[in-house]
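Only one chain comes next, encoded as structure tokens, the form predicted on its own.
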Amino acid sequence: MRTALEPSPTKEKLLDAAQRLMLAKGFVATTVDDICEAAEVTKGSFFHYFESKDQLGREVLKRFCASGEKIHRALCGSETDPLKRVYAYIDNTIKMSKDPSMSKGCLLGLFSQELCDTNPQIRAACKKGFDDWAKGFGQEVAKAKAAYASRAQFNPQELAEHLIAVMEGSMILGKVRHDRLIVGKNLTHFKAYVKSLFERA
């Protein structure tokens, strides 16, 4: 198995294929053969880069979560006012939720549901992914609270976790109902709730 860190087009093809298949079928139902066929590489190439499907799963999840900071900056946009940054984050998340690719779900949420009880390493990676997500949005909320609602009783970190719960739960409902617009609808309710916290402060 290759341990060097240099970029590899073949490895990226395997990771891309694995992510697509796992979002569609789940981790357990996706086989190494499925991944190799989708990536159009041999099984020998697979084991050149990964010692097992478990290791591949951890790397797919790590890559997925690593994009979080870039997405966070994009969602906040160019706003400098802290409260406007919070609203921009929610508004842009609503826009992003309307992208057809979002209907496939969230790899972080999928792995959490499927593997956390049986795979401690994946569970730890999922916890870190959610913690980093909540920390990023929570920091934005904390700045807005300090500027506009310093005496308000709500906890910025808990509000960030509320956002995650709304998004992940809505994606599950969207899959069941074949309605990808559910995420945006529920995020709109979440934004109204956030606005009410600041308006009554």
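Predicted, not measured: the structure shown is a model, and the values here were computed from it. From 1 onward, residues are counted along the sequence shown.
One more form of this protein exists, namely the form predicted together with another copy of the chain; it is left out here, but the text below deals with it.
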I have A29, A165 and K185 flagged as a candidate spot, so tell me whether each of them has a non-hydrogen atom within 4.5 Å of another copy of the chain in the model of the complex.
yes
Checking E37, D54, E158, E69 against another copy of the chain in the model of the complex, the residue with a non-hydrogen atom inside 4.5 angstroms turns out to be E158
Note: another copy of the chain not shown here; in the model of the complex, the stretch from 39-47, 130-138, 143-151, 54-62 having heavy atoms within 4.5 Å of it is 130-138
Quiz item: For R123, is any heavy atom within 4.5 Å of another copy of the chain in the model of the complex, or not?
Solution: yes
- Is there a heavy atom of S78 no more than 4.5 Å from a heavy atom of another copy of the chain in the model of the complex? no
P82: heavy atom within 4.5 Å of another copy of the chain in the model of the complex? no
Residue-level question: is S112 within 4.5 Å of another copy of the chain in the model of the complex, judged on heavy atoms?
yes
In sequence order, the residues of 64-82 that place a heavy atom within 4.5 Å of another copy of the chain in the model of the complex are none
